[in-house]
Structure formats: structure tokens, C-alpha cells
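There is one chain below, alone, in C-alpha cells, taken in the form predicted on its own.
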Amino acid sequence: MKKIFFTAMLSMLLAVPAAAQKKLGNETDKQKSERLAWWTHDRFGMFIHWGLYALPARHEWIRHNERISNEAYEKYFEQFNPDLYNPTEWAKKAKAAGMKYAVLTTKHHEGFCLFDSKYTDYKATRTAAGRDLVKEFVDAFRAEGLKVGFYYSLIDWHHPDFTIDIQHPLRPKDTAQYAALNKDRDFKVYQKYLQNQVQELLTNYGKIDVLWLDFSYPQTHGKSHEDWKSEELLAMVRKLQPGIIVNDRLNLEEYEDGQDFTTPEQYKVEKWPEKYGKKFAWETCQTFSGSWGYYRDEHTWKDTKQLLVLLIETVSKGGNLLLNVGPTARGDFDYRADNSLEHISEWMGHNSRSIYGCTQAPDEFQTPASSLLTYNPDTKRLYVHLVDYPMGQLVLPGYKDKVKYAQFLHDGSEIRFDDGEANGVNLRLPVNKPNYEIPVIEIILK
């Protein structure tokens, strides 16, 4: 992923043009809603950042951060041997945690391909791994009933014709040097390479549910939709996989259908993001810690409550959460990621009804103090997530004559209630908090 220029890119991604929007196709809002229906229902997915950067184990942007050349980086290609890679175990862990889909980095900015591309030798099949790691991922996750997505970096710091720019490891300090550095690089060759590889990914692995393309940075000495030939690329993607869902990093903001969802990264939105004058489908991508790739010595790991609040709050604002795991160089999950997944699994096992199929509650329902509220429009049930347990009583302001029945979601035990002040309802809770990090109350409405 990226950290450099993130603030500038963010404003670009979430900008809402005032004028009526152009469109690349003729899909209606209803048709788009139907195409995204599984995704907006499932709400929770696993991101997997895995590549050669797992060997140095100090951030997936190590080449950029440490200005490492291809030659100096080659040692990681030579040593890549994920002997513990077992995507079936990955899939089982994702499924147990309640995740319904997964997105794998088929190629990150370093240019190394986990798949057996016929357009490069810089791939897993030419390492000690000796096989197509993407195919194994696809087969394993499909076998567990999970939807499958591919991340593919538009950037490629290894390719000899990818022109040096503001993000490149070999970027100069003096901007006057760009022309000289790029005089022997033909970006048209790279454009064709990019299209060929995306075509491979969307042709050789069956139905692909999500495509994550990353990313554009249309500053001076950056790259925009013109460099990627984004309109042409997206048209090919839609032709090859008509039902696929595509993110928003092709720099096609002028087109309302230049993306299916927007992607706030590593922060919480204040409200449901809007684009083109309306609420827009969105997914926040987040990490367990401060890095996407495996980072041995990084210790800013979120605790269970932070992760659950992140999931619940995202759904409470109508969004999806894509939560990242960075496997080790040997191909298994870091023990800290495993611990977090196990805790999420414990909670989701009894409370997932407040996540799947849920969204932002109608405006008429005020969120109680120290809580988060989700709503299922099909069952017309509200879910009050007790972020800070109130111990004894919870006031639902303005809920008088709206509540038919209330129960704890984890065990279906009744919660008695009576009328309160100012058209409120008082839920009578046990003094002792249930044995869940964030207890959930399910409210059946009249």
C-alpha cells in the first residue's frame, strides 16, 4: 500500500464533483446495486499482503523507503521459499473469523508476481517455491466458500520500462534528472505489460469477484489515468469479468462508473462517504498493526476491542471492512495476527447477525450513549453494540412504542424494558457484563 502523498490522494479519491457525471457504460444504479449485493451483505473481508518484502520483514515499501536497486533487492528473490504456505489454513482462519471474501496481492509495487505470468521471469514459479501461489490461493478459498479477489499494483519498480517517478526507489533529489534517468525506458512497453498481466489474472483463474488496482498519483512526475490507459484497462476488465467489483484507484473520478466503491485507508470516516452527490459504496482497508506486509519488529498492534469497534463502526456507516494479514516469508501467519483472528472469531461466532446484511440505521433511531448501532433492513432489526457496558440500565432515547422485544444476541436471553422519560425506553441489563468484548442487544421492532 502507500504512505507517501496519502493525504493528497485521499482528497482526490473522496472529491465530489458538483456537475453531473459522465459515464463509461450504461449500467443503472439498480443494476449496480444488484451486482454489489453480495459484497454489501457480507461486509467483512481479508486483505493479504505477501511478497518478497516478507523476507527483510520491515515494511512492504522497503524498496521505496531505503532506495533499494533491483540488484540489491535480488537476494530476496533468490531466497524466497515459503515452505509453510498452506492457503487452506489461511482460508479456514478467514472463514472462522467471519470473513466472507479475501483479496490477495498478486503483484505489489516491487513487481514480484505470485502467479505464473508468461510475461516475466520475476515470479514465484522461478523461485524455490516452484509453483503458482495464486492458483493455490484461489482453489483453497473457493473450497471454503469464500469469494476471491485480486490486488494488482499498477506500479512496478522492477520492470525496466516503468519510468522513474516520485514514488520510485531510484527517484532523484533533483527533478531535472528525471529525463536523463528515463531516456532508455519506454513506458508504452510497460503499459502493454500491465494490460497483459491483468488479462492473465482475469482469464486463467475462473470467476474473480473483486479487483483491487493500486494506485494513481497524478502529481508532477507522478502517474495518472493517462499513464495506465485506465479507460481502456477498465473496459477490458469489465469485458472479461462482467460481474466483477472494481475499486477506485484508476484516477477515473470524472466518470461516475469509473469505480464501484471508494477506499478510505487506515482511518475512520466521520460519516458515510458521498460521491457524485449521493452516498457511495465504500470499503475501508485496515491493518492489524502499522504495516501491510510482514514487519517483524513493528509493535503497534490493535487490541481486540479496537478491531471489533473498527468493524462495527464501519458497518454502522454503511461500509465494508477489509482487514489485512501480512504472512511471513515462510508462508504462515504471524502469531499476533492469529491471536487477533481467534478473538474476532469468538465474537463473530455469536454476534455476526449484527454485521451481515446490516447497514446504517434509519435517522429516526438515535444511537444510545457509548454504543454503536447497526440495522438490518430486511429483518427490520436493530443491533445495539455496547462498546462501554452501562451496568444496570441502558436508555434508548425516542424509542417509545417502537420496541417489541429485546434480547442479548449472543445467547438469545430476554432483556426486559419499560418506558422512560422523553419518549425513551429503559432496557434493564444485568450488572455483570456478558463474557464478550462488546455485547450486542438485538431489538425486534414493532
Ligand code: GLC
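Please read all numbers here as calculations on a predicted model, not as lab measurements. Sequential numbering from 1, following the sequence displayed.
Not on display, but discussed next: the form predicted in complex with the named molecule.
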Candidate from D214, D209, D132, E256 lying within 4.5 Å of the named molecule in the predicted complex - any heavy atom: D214
Between W50, Y383, Y399, F47, only one gets a heavy atom within 4.5 angstroms of the named molecule in the predicted complex; which residue is that? F47
Contact check in the predicted complex: E110, H159 and D227 versus the named molecule, with a cutoff of 4.5 Å between any heavy atoms. Do all three pass? no
Contact label in the predicted complex: F417 to the named molecule, heavy atom within 4.5 Å: no
Please run the contact check for F288 against the named molecule in the predicted complex: heavy atoms, 4.5 angstroms, yes or no? no
Check W61 for me: does it contact the named molecule in the predicted complex (non-hydrogen atoms, 4.5 angstroms)? yes
Decide whether F115 counts as a contact residue for the named molecule in the predicted complex under a heavy atom distance cut-off of 4.5 Å. no
Could you tell me which stretch in 328-336, 102-110, 352-360, 189-197 has residues with non-hydrogen atoms within 4.5 Å of the named molecule in the predicted complex? 102-110
So which residues in 263-284, when you check the named molecule in the predicted complex, have a heavy atom no farther than 4.5 Å from it? E265
